[in-house]
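Below sits a lone chain in structure tokens, taken as the form predicted alone.
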Amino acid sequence: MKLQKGDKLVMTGDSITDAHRIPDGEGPGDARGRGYVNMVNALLTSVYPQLDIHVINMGTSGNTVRELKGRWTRDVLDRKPDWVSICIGINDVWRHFDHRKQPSLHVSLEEYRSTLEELVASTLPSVKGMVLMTPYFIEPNRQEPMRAKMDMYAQAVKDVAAKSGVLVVDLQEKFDRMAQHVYNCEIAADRVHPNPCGHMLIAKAFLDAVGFQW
């Protein structure tokens, strides 16, 4: 596995990552939230207890990549992580639809891509590795407007990962496969915020990417 003994892993993003974490994003119980970050921590601790990997949840509900950039130094770099994962982009797309008449809240595809590139470039020199996870919309109709736009932002994540040489997790592909067998609103009532099964899918996809041995 790519994570090594004593490594510190900071996982950041929006509400999918946040999942009702406490402010410090670490500690007993549900301090890391009730979602995939808590599951990642539980699996790493139970399967690799000898590695003593330190997982911190720095997701913040409602964030776009613009807000993530504003808190990057405080929430990520200042914590001196060995590994960083980013799962951001759902709000960057959503604001084009739920706040259609407030263009100041819209994050363009170009801003999204360039900001991700900037965050990765500023972080890579000081960490062992990074994992970028694509945004997703649990909607099988790829012509549906929000799904079509989400696919464009997901492709930007893949492009940034390829250019930077970091790991990438295609969460849209994972959810598409799951939705072939499970009705999408059974995974997430709003097609965005997943239930525990959806969070476990994200946790497994992340751990697969870092070479977790099941």
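Just so it is clear, the model here is predicted, and its values are computed rather than measured. Position 1 is the first residue in the sequence shown; the rest follow in order.
The same protein also has a form predicted in complex with another copy of the chain, omitted here; what follows describes it.
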*Let me know the one among Ser108, Gln102, Ser126, Thr73 whose heavy atoms come within 4.5 Å of another copy of the chain in the model of the complex, would you?*
Gln102
*Can all three of Arg34, His54 and Leu201 be found with a heavy atom no more than 4.5 Å from another copy of the chain in the model of the complex?*
yes
_Using a 4.5 angstroms cut-off on non-hydrogen atoms, would Met152 count as touching another copy of the chain in the model of the complex?_
no
*Met39, heavy atom within 4.5 angstroms of another copy of the chain in the model of the complex*: yes
*Evaluate Glu139 for contact with another copy of the chain in the model of the complex, applying a 4.5 angstroms cut-off between non-hydrogen atoms, and reply yes or no.*
yes
*Indicate whether Glu67 is a 4.5 Å heavy atom neighbour of another copy of the chain in the model of the complex.*
no
*Out of 41-66, which residues reach within 4.5 Å of another copy of the chain in the model of the complex, heavy atoms considered?*
Asn41, Ala42, Leu43, Thr45, Ser46, Val47, Pro49, Gln50, Asp52, Ile53, His54
